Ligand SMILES: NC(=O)c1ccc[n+]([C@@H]2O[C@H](COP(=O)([O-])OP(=O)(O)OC[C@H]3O[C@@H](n4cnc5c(N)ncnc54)[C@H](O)[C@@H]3O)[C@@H](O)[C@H]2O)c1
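Let's start with one chain on its own, the form predicted on its own, as structure tokens.
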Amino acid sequence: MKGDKLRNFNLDGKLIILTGGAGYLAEEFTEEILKFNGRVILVDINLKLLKLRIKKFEKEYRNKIFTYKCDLTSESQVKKMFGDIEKKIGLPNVLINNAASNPTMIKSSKGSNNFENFSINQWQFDIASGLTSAFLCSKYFGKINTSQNRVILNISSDLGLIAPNQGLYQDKTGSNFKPVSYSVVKHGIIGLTKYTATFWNEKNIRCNAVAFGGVFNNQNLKFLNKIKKLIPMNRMANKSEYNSAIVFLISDASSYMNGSVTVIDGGRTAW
């Protein structure tokens, strides 16, 4: 990196664990981390999809990108993962809790995502995938015995600050809903962030969260016309527009930020 203004953004070989590494935005985050000289371990339960995600980076960034298959809802697997990473790759400097179940625009003629019909099994799966996984990874990240400055970044959502507008998802049958579990997970992620930011104030671990708005991913025109009316910028985010925030929040450029929630939603929660 050239110039004093950019020096603090350089990840300088830091080792970053990115959970939900096979997810839609994970590829974007990974590329940005690598560009800023970080090393990244993509963690997901879907190893096949993980390998597809990193295929484009392996040649240029050899020995800087790794994959690890793990069920992040299993404490024994998470514990083993941190042990394996420390032995085989090194001490992680950053944890990005990105894993979650995101049942966006799921349609059901029976209204299974309706609050009154929402199944306990789906609830438990979503909570485990998005919140328990973040708790477990944070727990074992915090157990690492080092005096180095470290960072946890939790990925929340604008729906971690507001309730979903169900009118966005309604179909002709009136049976399509954003499930309650998604909002609860994303609100919970913010609570976890604030708790760990203050609990570990003497361990040189900074904990912050980002609340992202919706990302354009070829949604149907009816949905896009509805949601843009709720966003002052009159559009959803492009998939690359969160990358710079990720680098800022895990680098020394944000060295005095702790327990904060950075909202990047085109202004939606300002209304």
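Being a predicted model, the structure only gives us computed values, none of them experimental. We number the residues from 1 along the sequence you see.
Beyond what is shown, the protein has a form predicted together with this ligand; the following relates to that form.
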task = Give a yes or no on whether every one of 33, 64 and 95 sits within 4.5 angstroms of this ligand in the predicted bound form by heavy atom.
result = no
In the predicted bound form, segment of 181-189, 144-152, 194-202, 84-92 with a heavy atom within 4.5 Å of this ligand = 181-189
query = Is residue 54 one of the residues lying within 4.5 Å of this ligand in the predicted bound form, judged by heavy atom distances?
reply = no
task = Classify residue 23 as contacting or not contacting this ligand in the predicted bound form by the rule of any non-hydrogen atom within 4.5 angstroms, answering yes or no.
result = yes
message = Would you classify residue 213 as touching this ligand in the predicted bound form, given a 4.5 Å non-hydrogen atom cut-off?
response = yes
request  = Mark residue 157 yes when one of its heavy atoms lies within 4.5 Å of a heavy atom of this ligand in the predicted bound form, and no otherwise.
outcome  = yes
query = Which residue among 245, 41, 231, 45 has a heavy atom within 4.5 angstroms of this ligand in the predicted bound form?
reply = 45
